[in-house]
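Next up is one chain by itself, shown in structure tokens, the form predicted alone.
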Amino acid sequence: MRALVSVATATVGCMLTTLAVQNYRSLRDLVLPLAQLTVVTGANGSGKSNLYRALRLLADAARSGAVAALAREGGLPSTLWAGPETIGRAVREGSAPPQGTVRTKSVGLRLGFAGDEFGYALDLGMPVPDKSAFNRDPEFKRECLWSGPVMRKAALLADRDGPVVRTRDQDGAWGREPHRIAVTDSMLTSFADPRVSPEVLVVRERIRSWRFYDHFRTDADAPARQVRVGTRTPVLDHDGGDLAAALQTIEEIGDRDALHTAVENAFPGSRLSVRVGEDGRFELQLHQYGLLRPLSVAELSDGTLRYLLWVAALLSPRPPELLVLNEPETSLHPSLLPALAALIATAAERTQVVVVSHARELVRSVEAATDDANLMELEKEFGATVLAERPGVLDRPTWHWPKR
């Protein structure tokens, strides 16, 4: 199986180089190096899903959804690290059980990222109790936006402390008048004013372009199996309901050669077509070698349909700043994993890709498809997710959290 392209020739800018998470479920203190193509693996329960959800939560901050997203997970207390603040030597040596201690630091959920151009970090904590029915809503305690890969005071562009936001003017000095926003709103959504702080707007729009794909439905009633009116679709919807239109869009304005290669890699001798009815409804068809008629989308196996959904997602003519895939190997036969790995390498030519997977075969196939993937394995240490030591893994990046 060959990769459709080489990741080494990637020309995508604005790449994230660091992802940092603190106190989110099992991610007690995790700082990961990111590459153009990053594959995260590990055993069940090692924290892979928590990492994926932390990335989604970080993206929600730019869409006014971080507080609501935490509420869907049971609220901030349910998502915080459940272990002790510190793990003593006796516990590590096995001579004493883990036990709670008196906290010396404020409790908070911290998320952040950095790249060569910008870095961003947020700190969510509980409010001071009052008589409000909403006194369990988490508050933004700190938010910082800076230039460059490492947070430094001199590099700060916007600094939020509680309800107060400060920004630098065109001369690099802090503005005289601080701005006030609600403590439950991110400055990315409440203070993205191009006249006052254009960098905040730029970072917000970059985060909003991030794209996440999780488990696609492939049952008999799945949206992807329905025949519906088609329109130009450069971005596959998260439920896959516009699959036929998305594939036809790639055929007409996208990388049709990569599309044909992806199908050939997975199903030798096969090709796709989209039948357009008089009412404008699009119906996907798969022509397989040896059959006298094409198979309709309703006849496709779950694995075949899911692979075609990944083809549409990964070959989007409108690639995002960051594409995050959660366990794309689900329901795929092992024979399809080399084709999926080549498809992932193709996508990494045009956008930064993070793949979370527990399938060793997919990881090996990615390694065979490209030499430029950053492969990281997570494991548990005293209940906390840590990065396993293995040859070739990038060093832990330098990272500083903003203090309250």
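Keep in mind that what you see is a predicted model, and the values were worked out from it rather than measured. Residues carry their position along the shown sequence, with the first being 1.
Only in words, not in the display: the form predicted together with a small molecule, which the text now covers.
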{"item": "Touches the small molecule in the predicted bound form: S335 (any heavy atom, 4.5 Å)", "value": "no"}
{"item": "Contact of A154 with the small molecule in the predicted bound form (heavy atom, 4.5 Å)", "value": "no"}
{"item": "Heavy atom of R396 within 4.5 Å of the small molecule in the predicted bound form", "value": "no"}
{"item": "4.5 Å heavy atom contact, T167 and the small molecule in the predicted bound form", "value": "no"}
{"item": "Proximity to the small molecule in the predicted bound form (heavy atom, within 4.5 Å), stretch among 43-51, 30-38, 61-69, 337-345", "value": "43-51"}
{"item": "Residue (of L286, V263, L80, A245) lying close to the small molecule in the predicted bound form, criterion heavy atoms within 4.5 Å", "value": "L80"}
{"item": "Sole residue of E251, D137, D161, E327 within 4.5 Å of the small molecule in the predicted bound form, by heavy atom", "value": "E327"}
